[in-house]
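Below you will find one chain, with nothing else, as structure tokens; this is the form predicted on its own, and questions on how it binds or moves follow later.
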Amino acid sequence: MSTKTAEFVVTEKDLLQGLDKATAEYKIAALTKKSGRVLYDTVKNSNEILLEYLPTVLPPKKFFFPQDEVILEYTSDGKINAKIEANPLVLFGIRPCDLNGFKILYETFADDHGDPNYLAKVEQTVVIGVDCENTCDEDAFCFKVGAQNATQGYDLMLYKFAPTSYAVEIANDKGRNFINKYLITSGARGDEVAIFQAKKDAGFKNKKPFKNLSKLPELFEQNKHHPIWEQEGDRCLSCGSCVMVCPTCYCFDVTDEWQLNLKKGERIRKWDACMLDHFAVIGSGENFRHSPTARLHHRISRKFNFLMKKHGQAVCVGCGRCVRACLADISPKVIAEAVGADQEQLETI
């Protein structure tokens, strides 16, 4: 049973009216439907918001780490201007898998001296999470990697404990200030989160994490030559779709683009994908990961081995986006299971 508690309760009506009120200061981005597609996007008012979650193609990381962004402007006479575009934003309705993705990306972009573009966007954004009672579809496996629960990545978290009421957990001062300014709430009794958690426990009752979740880095080290790599690598099309929809992938390329008059230029950061055949090519023309199998091995090992050691959790959050996007039906869950994630505990590990 969850030990989380909520200070306040907000009705669905007051929540949506509060978001409408916040449009005076913030842009609002939420789950919405446009041209027949479900996605996270900015909305003009709360009537456009979908409260019941349906899987999106792209994760909400795009608001902090855009697909392409100008990071420098410069002129031919040597003037350089660092460009940071960060505006007040409310991200509403972010689910635990993506909140875990936010946590991992923040730890990455805040590391060392920190990435000013990413951190400025985070600073200007209020993240309102909504917890899940069950998996969103058959491809989601958040429960396998422990990502069905979120403890970081949000400023406010909502727990739907009644048909039209949410318990509100406040994570920090940013969340508290937003509630005080925009939401009409009432005091919580103290059992609201527990009521929600009971429903969640029932929804995830038969959905268990990998038996060897904490041992995955060791298992992946021991199984570098497991047949699963060639089996799945032979089917990989090297299209990069899995990377482009992943909430925890953060590789990028940087290009310089001059105007036609050659007087002004821009340095642009763009998403890149380790699954593309050119990604590991160096200046001499050598490619350190020339085969689809090598690239697949690298990507999945980052999720369950290298970066799992760094972040203390699987860097695949089980959202299922890569599974839905993959034209060859390749799944990280299948690979993890093959190398022993769901075997009985091994004494040698």
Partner chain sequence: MITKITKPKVAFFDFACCEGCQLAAIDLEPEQLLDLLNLIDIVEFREAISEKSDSYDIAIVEGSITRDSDIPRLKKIRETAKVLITLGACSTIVGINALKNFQPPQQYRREVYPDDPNKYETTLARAVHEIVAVDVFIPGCPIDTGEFLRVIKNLVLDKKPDIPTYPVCVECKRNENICVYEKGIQCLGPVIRAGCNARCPSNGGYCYGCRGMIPQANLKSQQDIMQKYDLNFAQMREKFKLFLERDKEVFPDDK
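Here the structure is a predicted model, which is why all the values come from computation and not from measurement. Positions refer to the first chain, counted from 1.
The form predicted together with its partner chain is left out here; the points below concern that form.
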Considering only heavy atoms, tell me if Y250 and its partner chain come within 4.5 Å of each other in the predicted complex. no
Report task. Spell out, yes or no, whether the shortest heavy atom distance between V334 and its partner chain in the predicted complex is within 4.5 Å. Result -> no
- 4.5 Å heavy atom contact, D68 to its partner chain in the predicted complex: yes
- Query: So, in the predicted complex, is P163 in contact with its partner chain at a 4.5 angstroms heavy atom limit?
  - Reply: no
Picking from L89, V122, L213, V245, the single residue whose non-hydrogen atoms come within 4.5 angstroms of its partner chain in the predicted complex is V245
In this chain shown alone, the residue from D234, D191, D201, D111 with a heavy atom within 4.5 Å of its partner chain in the predicted complex is D234
Given 147 to 155, 174 to 182, 68 to 76, 193 to 201, the stretch touching its partner chain in the predicted complex at heavy atoms within 4.5 Å is 68 to 76
Near its partner chain in the predicted complex, with a heavy atom at 4.5 Å or closer, the residues from 261 to 280 are N261, L262, K270, W271, L276, D277, H278
